[in-house]
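One chain comes next, on its own, written as structure tokens: the form predicted alone.
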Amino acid sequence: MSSFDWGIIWREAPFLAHGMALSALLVVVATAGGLVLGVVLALMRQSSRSWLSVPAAGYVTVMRSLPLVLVLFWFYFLVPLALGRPVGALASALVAFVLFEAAFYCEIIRAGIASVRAGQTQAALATGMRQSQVFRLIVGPQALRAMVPLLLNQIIIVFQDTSLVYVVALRDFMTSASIVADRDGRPTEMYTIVAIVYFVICFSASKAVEIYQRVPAR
């Protein structure tokens, strides 16, 4: 059995870094786009108008019931058929991630808003504050504090899920390591470095969540 070769990790570092760049892009776009769409969905679900709340609830239920890999397949294979032209693997993956994560961010945002007691809103309105002021000054800050740990945990999940883009022939960090492992016959080295990188990033993010939760509210 050959010895562990650290050298291959250094030699293939640029190749692995390129894969990590794609993983980072997916996380950033999925988080930013998912949050924007998640806010819209959360407001729709909170609406008293059924023509807004019912479709939003249906969308969230469907997306949360499906595996991400299936959503990736849908956008990669079915959307080009519907549009009559190719969309591209990266564009398909970015759209799929945004639409998929939006359902989860919607529920996190909704839970954060629901964590603020209704009595605070009623009391603020009774003093003459406008609804927008109540949300900006009272509900928003408290809801955000409740949401941040869940949002950070969801971002960790998004990062872990980026490894699924191999199904649409994209080369993320995990896929890049697999390519090197198969090509050079060095699976031990490659999957060890992958495990270390994933552990460091996810563990650091988890500790950040714990630290944030211990900080007293102002």
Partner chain sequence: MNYRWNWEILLQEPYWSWIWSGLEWTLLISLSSWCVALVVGTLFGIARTASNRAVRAAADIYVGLFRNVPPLVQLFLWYSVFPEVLPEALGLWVKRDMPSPQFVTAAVAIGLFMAARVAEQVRAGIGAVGLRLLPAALATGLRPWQAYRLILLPLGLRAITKPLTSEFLITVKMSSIALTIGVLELTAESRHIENYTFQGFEAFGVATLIYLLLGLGVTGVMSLVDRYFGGDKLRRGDR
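Residue numbers count along the first chain shown, from 1. A quick note: this is a predicted structure, and the numbers were derived from the prediction, not measured.
Note that the form predicted together with its partner chain isn't included here; everything after this is about it.
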Can you tell me whether residue 10 touches its partner chain? I mean in the predicted bound form, with a 4.5 angstroms heavy atom cut-off.
no
Its partner chain contact at residue 64 in the predicted bound form, heavy atom, 4.5 Å:
yes
Looking at the partner-bound form in the predicted bound form, is residue 174 within 4.5 Å of its partner chain by any heavy atom?
yes
Quick one: does residue 91 come within 4.5 Å of its partner chain in the predicted bound form, counting heavy atoms only?
no
If the criterion is a non-hydrogen atom within 4.5 angstroms, does every one of 78, 163 and 187 touch its partner chain in the predicted bound form?
yes
Contact residue in the predicted bound form, from 28, 70, 54, 36 (heavy atom within 4.5 Å of its partner chain)
70
Heavy atom contacts to its partner chain in the predicted bound form at 4.5 Å, residues of 179-194 in sequence order:
187, 188, 191, 192, 194
